[in-house]
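A single chain comes next, written as structure tokens; it is the form predicted on its own.
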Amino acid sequence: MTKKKREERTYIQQTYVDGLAWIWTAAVVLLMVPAAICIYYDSWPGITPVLKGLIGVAPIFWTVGFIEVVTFIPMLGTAGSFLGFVTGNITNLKVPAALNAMQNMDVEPGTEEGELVSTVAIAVCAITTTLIISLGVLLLSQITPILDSPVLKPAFDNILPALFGGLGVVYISKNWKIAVTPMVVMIALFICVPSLAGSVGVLVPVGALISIAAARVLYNKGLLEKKDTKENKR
């Protein structure tokens, strides 16, 4: 094993250990908030009400959480994934920030360079988000009339589509042959069943499987060209 490989393996192992420590610490801290409230007011909900509440929401969050782990970790890498899941807003902020940073740096997800860029991008995104939220909390009374303005409401309602639309243009233009099939299938699905608009997270792996299947068919038919990467040219 070369020195570079040993260093990379040590880095990933140390990142995994540190990531586990931080993510479990975050989980304990989150659980301490309701526990502290219950202790302070000496009021406990009981096991039955808690289980009834969990039955209604937990399966949805567990499903989406599993899907996010399977889908995003190969893109974000070990350190970026732990950092993203601890700080939150994976789909809305961390993934777009990481993908955009990797795109600008011309590195591929899943590579050593991609993981480093992804980690830095997620860290900067988390710091920026924390600062903005802090300012928002301090200036809440002043900015509330602006945020509630009917003029700005359509813009706030379309932030996520606009964000992923901008990223989508870049990646679809690079692999439009692969992107056509899942786009057509998903558009047709949402038109036929509009109620699925609230289950986008669950449909992410479905779209990924459709993309893989379409790419396989196109490759077997010789319709996909192999493009040399910079590493191949080097």
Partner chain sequence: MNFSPNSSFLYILAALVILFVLAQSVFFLVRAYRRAEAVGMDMEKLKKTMVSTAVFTIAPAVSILLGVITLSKFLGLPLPWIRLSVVGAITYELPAATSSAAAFGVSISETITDPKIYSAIAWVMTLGILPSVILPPILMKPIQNGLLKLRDKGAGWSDYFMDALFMGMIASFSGMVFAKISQGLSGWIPVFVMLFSAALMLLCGLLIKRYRLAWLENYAISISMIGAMLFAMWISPAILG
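Positions refer to the first chain, counted from 1. Everything quoted here is computed from the prediction, not taken from an experiment.
Below, we turn to the form predicted in complex with the partner chain, even though it does not appear here.
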Should residue 130 be counted as a contact of the partner chain in the predicted bound form, where contact means heavy atoms within 4.5 Å? yes
Close approach of residue 221 to the partner chain in the predicted bound form, 4.5 Å, heavy atom: no
So in the predicted bound form, does any heavy atom of residue 142 sit within 4.5 Å of the partner chain? no
Residue by residue through 28 to 43, tell me which have a non-hydrogen atom within 4.5 angstroms of the partner chain in the predicted bound form. 29, 30, 31, 33, 34, 35, 36, 37, 38, 40, 41, 43
